[in-house]
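The data below hold one chain only, encoded as structure tokens and taken in the form predicted alone.
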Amino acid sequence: MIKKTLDEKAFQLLKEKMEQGLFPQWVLTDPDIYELEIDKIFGHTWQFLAHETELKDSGSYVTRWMVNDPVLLVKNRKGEIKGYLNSCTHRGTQLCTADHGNKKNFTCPYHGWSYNLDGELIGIVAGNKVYGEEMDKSEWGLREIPQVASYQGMIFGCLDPVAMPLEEYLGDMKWYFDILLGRSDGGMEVRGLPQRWVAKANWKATAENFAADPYHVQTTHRSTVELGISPEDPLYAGYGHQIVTENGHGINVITSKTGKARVPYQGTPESMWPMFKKNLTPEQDEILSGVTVFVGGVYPNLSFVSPIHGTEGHLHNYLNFRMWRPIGPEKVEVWCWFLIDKAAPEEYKEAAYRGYLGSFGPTGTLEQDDTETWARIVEVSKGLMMRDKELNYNNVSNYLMGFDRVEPDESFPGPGIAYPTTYLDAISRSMHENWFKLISKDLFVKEAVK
């Protein structure tokens, strides 16, 4: 006998629609689908937690979330980065409520149990008298996050102890992260604290907006054209390549009509260019020297953008990471980091940071443009007509753009499947295909024979 964890017919129709390049809109905010996503996607994939420069010294810590799981990330005395469930093993209270800091140990505010940087229980108030001398403290240590690993300073966690290793999961995306994060001596560093706020949006729409959709730029961010910041050419964000890599990841390498950026190396100081050449392969250097904007994502919920922005007549480049934490079918908590080359001049770093604040984050003009659009998607997706189980072409979001019409560019020097335009839905389809593969895994479970 087969136990259906979700309507079998609906899933079969969904599969058929997606094979045609269609994605039903009701799926975006459906509560049952959302619960499946939390369990089957976020319970088994790697999620971004922090950058190593946020944990500089022994005892440094930050608190983060993997959807609903609270995480305490610390650097112990050996210099190792450890991740724990941020919950006391005694009565389950959230152990540390501060966003960041430096401690020798962590004490629960409820009954005073204390843990060291290795997660070991080291102190119990009146322990011998209350629990007796036979209590074995080694059995009461903090629960570790099943997998924590880093690549180019980026720290990720995974709740599945048997999931593939981080580097295997990132796959070809590592080659592009080597450009973004490994181009400078000493790598990148986080400046300021990560900003965070709650937006009315679904995590799939926000992740897709950044990783896969440069086509929205010329309309949603029209104000930048009217201010003379962006070109009048409506195709300006479409020049370059869209690259699909494994596991739903992807990156857009946006250039210009000529195939080259208007300024080399994204407007970074010329004194840094020899360093970039030294640290990159010729193919990576070719891409970096001619790019205007890198924008992409690591599935399921990490996005990044490396743009050129100008303030007061000067051009600056930086790297912005953003993590979309689902807190419901219609809400995300946005986490937003600013990163820049450690080796960059201090004056340049500060000017780039001001440019970032003007564009992204709660005060950024580009952020406000996107946030309004995400809210509108949520508001219309929960209507009765959107939720019709008899799916048809009248209530689906059609993403046929580029479907079997744009062929890969075999001459592109980087790994992955590269298409010669970024006005394309190749990454979107890859994200959705990965989404379906994950949520439909073990969908129909055989009941145990009695």
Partner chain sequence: MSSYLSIPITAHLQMEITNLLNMEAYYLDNGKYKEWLDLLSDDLTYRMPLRETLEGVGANNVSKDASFFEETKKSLTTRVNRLYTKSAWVENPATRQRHFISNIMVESTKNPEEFKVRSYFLFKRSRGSTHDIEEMFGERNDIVRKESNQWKIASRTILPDQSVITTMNMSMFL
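Fair warning: this is a prediction, and the values are worked out from it, not measured in the lab. Residue numbers count along the first chain shown, from 1.
Below, we turn to the form predicted together with the partner chain, even though it does not appear here.
Name the stretch, out of 248-256, 356-364, 263-271, 276-284, where some heavy atom lies within 4.5 Å of the partner chain in the predicted bound form. Contact-bearing stretch, as computed: 356-364.
Given that the partner chain is left out here, which of E333, D160, D185, E168 has a heavy atom within 4.5 Å of it in the predicted bound form? Selected residue: E333.
Scan E80, D118, D178, D99 and let me know which has any heavy atom within 4.5 Å of the partner chain in the predicted bound form. Spelling it out, the residue with a heavy atom inside the cut-off is D99.
Check whether W46 has any heavy atom within 4.5 Å of a heavy atom of the partner chain in the predicted bound form, and answer yes or no. Residue-level check for W46: no, no contact with the partner chain.
Does at least one non-hydrogen atom of E346 fall within 4.5 angstroms of the partner chain in the predicted bound form? Judged by the heavy-atom cut-off of 4.5 Å, E346 is well away from the partner chain in the predicted bound form.
Spell out, yes or no, whether the shortest heavy atom distance between T371 and the partner chain in the predicted bound form is within 4.5 Å. It does: once the partner chain is placed as it appears in the predicted bound form, T371 has a heavy atom within 4.5 Å of it.
So in the predicted bound form, is the partner chain close enough to T219 to count as touching (4.5 Å, heavy atoms)? Answer yes; at least one heavy atom of T219 falls within 4.5 Å of the partner chain in the predicted bound form.
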